[in-house]
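Here you get one chain, nothing else, as structure tokens; it is the form predicted alone.
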């Protein structure tokens, strides 16, 4: 794909060569994400952060990524604080906001809504999640994390063994990740969920068409015994028409250190797109895993900054200028003490 000026709406836009370009660019963002260097390459540029559905990591990560590149961020948070509540169409909103911004990141509860918004925008639009459909930047940072975790073991993504666990019906992160994994070879996927929350057939078909081995089950322990990655997801209670129905599935697939020790290979990586549901009735990933060095959920979140910075510099065509606009960090950097 040609990144320059492109909307980032779906994983289907990407080919394997595009992923390599993106990940190489993300690697180059590390000194800036770690505050070892400052760059002002996007000084004067404005990101419109339009989040019409709840978000912590994605919204702040996109905003921080843009700030770290020298740009400014303007935000609208929640449907009630926007003119959409007054009946304004997404297209009209896009025509207006794209006049105020150089790039827009948008999250909306309706599938297909971000593409609809982008169709009327005069500037690039990035999909921060559209209902139960897709979450492309999350899938990209997930894959980047997988690549980084396996790289230290002399492995690549080809031949990956991964178990996806939890709400696979409404979990847009796993939908996008399945599409990405279809670009690779010989991937073995075990899809662990209640029957009612199984992965939609179109994603399973996409994986099998790519030649991947797919196993569908509702049994956790046996499914995590011989995998490289356990990718856990929370029950997406906001997608249920009656949220009380979510309680029927909450806490069905809990992972703690005892289960990990008994069933997982010693170096199995644990991932989760966050937020993990730590309420007693759910407790998807027990806090006793927090000292497990293979728990990658916070490295995963950190990697989101790198990937989103890379998307910005590629879409705004300044990847070759980042270092030219760089200087040293003058303030005390606590990250240096944490090494």
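All values reported here derive from a predicted model rather than from experimental measurement. Residue numbers count along the first chain shown, from 1.
Quick note: we don't show the form predicted together with phosphoric acid mono(formamide)ester, though the next part is all about it.
S.K.: In the model of the complex, which of 133 to 141, 113 to 121, 199 to 207, 186 to 194 comes within 4.5 Å of phosphoric acid mono(formamide)ester (heavy atoms)?
M.R.: So the stretch in question is 133 to 141.
S.K.: Could you tell me if residue 175 has a non-hydrogen atom within 4.5 Å of phosphoric acid mono(formamide)ester in the model of the complex?
M.R.: Residue-level check for residue 175: no, no contact with phosphoric acid mono(formamide)ester.
S.K.: Answer for residue 274 alone: is it within 4.5 Å of phosphoric acid mono(formamide)ester in the model of the complex, judged on heavy atom distances?
M.R.: Residue-level check for residue 274: yes, a contact with phosphoric acid mono(formamide)ester.
S.K.: Does at least one non-hydrogen atom of residue 107 fall within 4.5 angstroms of phosphoric acid mono(formamide)ester in the model of the complex?
M.R.: Heavy-atom contact with phosphoric acid mono(formamide)ester at 4.5 Å: present for residue 107.
S.K.: Would residue 35 count as touching phosphoric acid mono(formamide)ester in the model of the complex under a 4.5 Å heavy atom rule?
M.R.: Outside the cut-off, so no.
S.K.: State the residue from 67, 294, 55, 28 whose non-hydrogen atoms include one within 4.5 Å of phosphoric acid mono(formamide)ester in the model of the complex.
M.R.: The residue from 67, 294, 55, 28 that makes the contact is 55.
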